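Take a look at this single chain, the form predicted on its own, given in structure tokens.
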Amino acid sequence: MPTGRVFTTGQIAALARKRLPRAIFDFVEGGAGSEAAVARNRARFEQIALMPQALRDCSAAHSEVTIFGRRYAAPFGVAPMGFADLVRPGTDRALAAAAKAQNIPYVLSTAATTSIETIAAIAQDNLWFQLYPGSDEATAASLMERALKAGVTTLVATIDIPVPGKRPRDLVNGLAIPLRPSLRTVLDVAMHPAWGLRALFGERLGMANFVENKGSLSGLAHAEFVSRQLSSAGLDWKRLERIRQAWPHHLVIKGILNPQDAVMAERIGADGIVVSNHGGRQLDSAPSSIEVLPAIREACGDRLTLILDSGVRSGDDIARSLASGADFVLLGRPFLFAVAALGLARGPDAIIDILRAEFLNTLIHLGCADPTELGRDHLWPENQISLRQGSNR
């Protein structure tokens, strides 16, 4: 599939930087604090070398995997992303449509700018829903009920926002609650007229999944309610147990880095976890997902499905994740940058094609015909990541 001038996620991000106002690019790319966690995510991936195996019959090599009883075309999906339509009106819909067409999961965020019902009609059975349990149990229960009614069978409960992360880029640009855009931001938007016109004439941005819950609130009161609902302050394992009891299908807990928390997730009956530091957007001093993944695999064995996100940027990274113990991977920023760089019609399919082709290329170089064949034998040196003894995953 031709992609014009771009062939990697790095090239796509560079093009997106040119086409987005600085405040919007910063919102997507930026992280917490000094952004050490964002840098650590990439550095740890780049330290992992993969050992090729020669003269293996890979003529029937494929990228398909089965997760939660469903066969997908590739071992990666679209991570939940709030306010995706800031990049371009219709981003949520375009990504959902591409995910359905190419048969990968699309994880809709509680903080999405498009409703569960709208995306369910597009993504259909490729839709997962990411829930911020928040402070209001009734609101969370309503969101779960809507997701269930819409046909969602995989619920992803995010637990890693006890308080909102401090993101200096957003503070400088005025992208905070309440919204106070800086003069520089206003001038920068004026220098990106295409983005400005789309934002002006597109649908009004808002968190569509909260409209029916707190529609009577307006302005700052509504913003403050949403902020509380996106926070996991006060959340505990008993609350997660109640969610487990209420949700009749697959439950995934997102935002786990500590092996002890992974064990607790297993104990309450979760089907899987997302090993994640929220893309470096919460705790700047947190370890990277990929460096803690082996310890979590050791703690949980094969009893939990392990999904990894944060810092994944290439097919090599997807292979590194699977070799290090993950069953599946989620990516966020590359999908938003693809829409910014290549548009709604072309961007989502292009990024999926790039990542899938890169992964398959790497898989074959490693002498594997199936993603499930990836394991610690493909890490070099083998002991660079200490994986559970006696297991290839």
Ligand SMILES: Cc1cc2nc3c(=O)[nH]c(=O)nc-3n(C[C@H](O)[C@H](O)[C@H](O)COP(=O)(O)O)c2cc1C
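This one's a predicted model, so the numbers in the text were calculated from it and none came from an experiment. All residue numbers refer to positions in the sequence shown, first residue = 1.
The discussion below concerns the form predicted together with the named molecule, not included here.
**Student:** Heavy atom within 4.5 Å of the named molecule in the model of the complex: which of Ala123, Leu322, Ile273, Ala79?
**Tutor:** When the named molecule is considered in the model of the complex, the option within 4.5 Å is Ala79.
**Student:** Considering non-hydrogen atoms and a 4.5 Å limit, which listed residue (Gly315, Pro105, Gly134, Gly311) is close to the named molecule in the model of the complex?
**Tutor:** Selected residue: Gly311.
**Student:** Taking heavy atoms and a 4.5 Å cut-off, does Ala97 contact the named molecule in the model of the complex?
**Tutor:** It does not: once the named molecule is placed as it appears in the model of the complex, Ala97 has no heavy atom within 4.5 Å of it.
**Student:** Taking any heavy atom pair closer than or equal to 4.5 Å as contact, tell me whether Arg297 reaches the named molecule in the model of the complex.
**Tutor:** Output for Arg297 is no: heavy atoms all beyond 4.5 Å of the named molecule.
**Student:** Is there a heavy atom of Ala176 lying 4.5 Å or less from a heavy atom of the named molecule in the model of the complex?
**Tutor:** No.
**Student:** Taking the named molecule as it sits in the model of the complex, is Arg40 in contact with it (heavy atom to heavy atom, 4.5 Å or less)?
**Tutor:** No.
**Student:** Can you tell me which of 357-365, 53-61, 330-338, 343-351 lies within 4.5 Å of the named molecule in the model of the complex, counting heavy atoms only?
**Tutor:** After filtering at 4.5 Å, what remains is 330-338.
**Student:** If you apply a 4.5 angstroms heavy atom cut-off, which residues in 269-286 are near the named molecule in the model of the complex?
**Tutor:** If the 4.5 Å heavy-atom criterion is applied to the named molecule in the model of the complex, 269-286 yields Ser276, His278, Gly279, Arg281.
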